[in-house]
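This document starts with one chain, in the form predicted alone, laid out as structure tokens.
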Amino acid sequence: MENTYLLEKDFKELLKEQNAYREVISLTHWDMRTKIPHKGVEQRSEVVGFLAEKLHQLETSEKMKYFIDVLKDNTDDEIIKKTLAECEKNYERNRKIPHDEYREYVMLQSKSEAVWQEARQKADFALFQPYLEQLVEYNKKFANYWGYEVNIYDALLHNYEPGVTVKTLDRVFPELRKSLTDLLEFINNSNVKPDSSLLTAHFPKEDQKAFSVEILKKMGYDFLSGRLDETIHPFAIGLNLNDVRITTRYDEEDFRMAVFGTIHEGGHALYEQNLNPNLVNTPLAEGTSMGIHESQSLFWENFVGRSKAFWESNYDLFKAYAPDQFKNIPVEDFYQAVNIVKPSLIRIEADELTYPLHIMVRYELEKALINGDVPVKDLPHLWNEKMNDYLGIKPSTDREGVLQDIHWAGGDFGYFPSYALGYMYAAQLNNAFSKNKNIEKIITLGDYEPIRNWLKEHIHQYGKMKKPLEIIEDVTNEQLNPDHLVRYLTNKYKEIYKL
């Protein structure tokens, strides 16, 4: 037993060393997306590549393999057992990628993100194309290293949503699309037309930030363990339990981007801030999947932040920071304007109803890229065609089209489906929560602690101790069920549009 104790102690030291590299890499990525001077990107990419290679070596070392083999059947510690299982999964996948290839790929990711920012600013896909072509080829190569049973894209999906396959998505997404487009047709034929021009007013960035910070505090985001910064593409990043940072993007002519974007990223951050402290310095100290992570951000953004109860209870606070144009707008008119359904070109500005359609466009394109069905050079016009097909609108520039998201620049193929899955998960969680608690009353009272505590108890605390589908089944007593999302959207927009 003493030997087991010493082995566990040595294993924890190895995990701590790995986590130190992870934290520095994450901090470097945060800096590169928020503060780094343009000329610093090249050298910083080299640094990230060096650190990532060292981490890769530790994760696939003989020392790691030794701990896995010796400890996995000889420990009674549940956290160590789960940690060993996670380490073994990472070991088996990562050892198939040569260290030098992994280093080169990470360096490419960093450079690619910087080039994407320039290409997006100039609305010029051609600048980004050669980098994206390399990223696609690397992902195809890695997918073949890892192996798959049916579709090569499944190997990439596994990185973000274990247990979900192309077969599942190709069954669920078309059903969801039909329900959403049918509802959209009803809305388009309604005589009720909320006035979105009510929201058009110059709203200084600092005032938007002040209101957003007030809402983050009400949500329970701990500013002693986090911060709010500005970036091109909003994100949340957890360096450790006591350093979880969020970013947002401001549009002084449309406050919705920053306000709802900040609530969204705040939902991600609450997940990371409320992990079980006993998971610190293990690979279990993060969200169990990107779909579950997105369920948390979308729960707060949509089921709380876009609700009538939220605006009725926060409207006076909002008007305290908002320009005078909002002072005489009735809260009911404001609520309807905030929730107007109108297809938009930009995903992060999309309304609740059409948002999943944006995800389906991206899913179909990246699945085709990884399967070799389309070349990267054809992406801009294919993007425009699918946007027209799914949403009835077509981008006029690459900036508002194929270049709007950072994910492909970071090599995150297989990530986009998590957004739609997270939305469906969030609807299921909302249904489960509402069976025992009156969420509207809680939001109206303005104390969101019961919501935060429920999410912490059922989801946040577990980190990766539970698999994503295990969490959904434990909390909702059913598997993935898109009917809850369709029902939520139907009920909400029937009321707004008097269908």
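All residue numbers are counted from 1 along the displayed sequence. Here the structure is a predicted model, which means the values were calculated and not measured.
Form predicted together with another copy of the chain: not shown, discussed below.
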{"query": "Heavy atom within 4.5 Å of another copy of the chain in the predicted complex - residue from Leu469, Leu27, Ile442, Val70", "finding": "Leu27"}
{"query": "Contacting member of Asp447, Asp31, Glu457, Asp474, with respect to another copy of the chain in the predicted complex [4.5 Å, heavy atom]", "finding": "Asp31"}
{"query": "Answer range among 42-50, 461-469, 448-456, 432-440 for contact with another copy of the chain, defined in the predicted complex as heavy atoms within 4.5 Å", "finding": "42-50"}
{"query": "Non-hydrogen atom contact Lys65 with another copy of the chain in the predicted complex at 4.5 angstroms", "finding": "no"}
{"query": "4.5 Å heavy atom contact, Asn242 and another copy of the chain in the predicted complex", "finding": "yes"}
{"query": "Any non-hydrogen atom of Gln109 within 4.5 angstroms of another copy of the chain in the predicted complex", "finding": "no"}
{"query": "Heavy atom of Glu23 within 4.5 Å of another copy of the chain in the predicted complex", "finding": "yes"}
{"query": "Heavy atom contacts to another copy of the chain in the predicted complex at 4.5 Å, residues of 215-243 in sequence order", "finding": "Asp222, Phe223, Leu224, Ser225, Gly226, Arg227, Leu239, Asn240, Asn242, Asp243"}
